[in-house]
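First comes one chain, alone, set out as structure tokens in the form predicted alone.
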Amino acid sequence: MRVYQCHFCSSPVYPLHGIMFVRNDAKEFRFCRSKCHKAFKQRRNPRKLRWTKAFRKAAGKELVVDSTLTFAARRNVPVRYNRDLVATTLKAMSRIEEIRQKRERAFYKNRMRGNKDKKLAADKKLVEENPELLRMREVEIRRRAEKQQAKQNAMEEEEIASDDMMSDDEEMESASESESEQEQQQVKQKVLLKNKRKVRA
């Protein structure tokens, strides 16, 4: 399976995907989607469009000079098939891919190293130039604290109300139990009186 590269944005073009344009001199141009094809027909420069790989490489946002990238170069040299050679090549491909990913991560970390300090300096400058922002921030913090306090008070009130309801229910249950006990005692007394009358008769 051959995976081509988009001529415009350098993203992968898999089999049965993308668009192929053949020029009059029999040169092939493969595109990943119609967006790249239209930009190519409009004669746009990929180095000036921020979403292309060419722009990222030209702007120093991606790794350009590295020994692992030379392995992906196309070589039109016929090689006799050898099972051992294929096995070693596949192992080497996976290992080279791991090394390339590690180097790309290190390059990215190195590129982003000073961003926090720059952002902090910009924020300090903004606060010095606009001191009213701090007051607005204080107002926001106070409003949030008031909202949280109101929520807590509401929760406490709900808990108190639920406790009152529970106590009322318990009182009602105890009252009903006492009434049922009194009724049972009255029934017992009536039965005793009837037995006494029968005995006298």
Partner chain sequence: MGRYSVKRYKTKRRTRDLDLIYDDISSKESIIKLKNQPLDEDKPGLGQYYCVQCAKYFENQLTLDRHTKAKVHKRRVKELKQRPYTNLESEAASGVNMLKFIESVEKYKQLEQFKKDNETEFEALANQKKDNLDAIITGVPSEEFQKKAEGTTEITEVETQKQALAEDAEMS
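Numbering follows the first chain given and starts at 1. All values reported here derive from a predicted model rather than from experimental measurement.
Below, we refer to the form predicted together with the partner chain, which is not included among the displayed structures.
Proximity of Ser162 to the partner chain in the predicted bound form: non-hydrogen atoms within 4.5 Å are absent; the residue sits far from the partner. In the predicted bound form, the partner chain stays beyond 4.5 Å of every heavy atom belonging to Met93. In the predicted bound form, the partner chain sits beyond 4.5 Å of every heavy atom of Glu132. In the predicted bound form, none of the heavy atoms of Lys125 sits within 4.5 Å of a heavy atom of the partner chain.
Among Met112, Ala87, Ala73, Val77, the residue placing a heavy atom within 4.5 Å of the partner chain in the predicted bound form is Ala73. For the partner-free chain shown, Lys38, Phe40, Lys41, Gln42, Arg43, Asn45, Pro46, Arg47, Lys53, Ala54, Lys57, Val64, Leu69 of 38-69 come within 4.5 angstroms of the partner chain in the predicted bound form, judged by any non-hydrogen atom.
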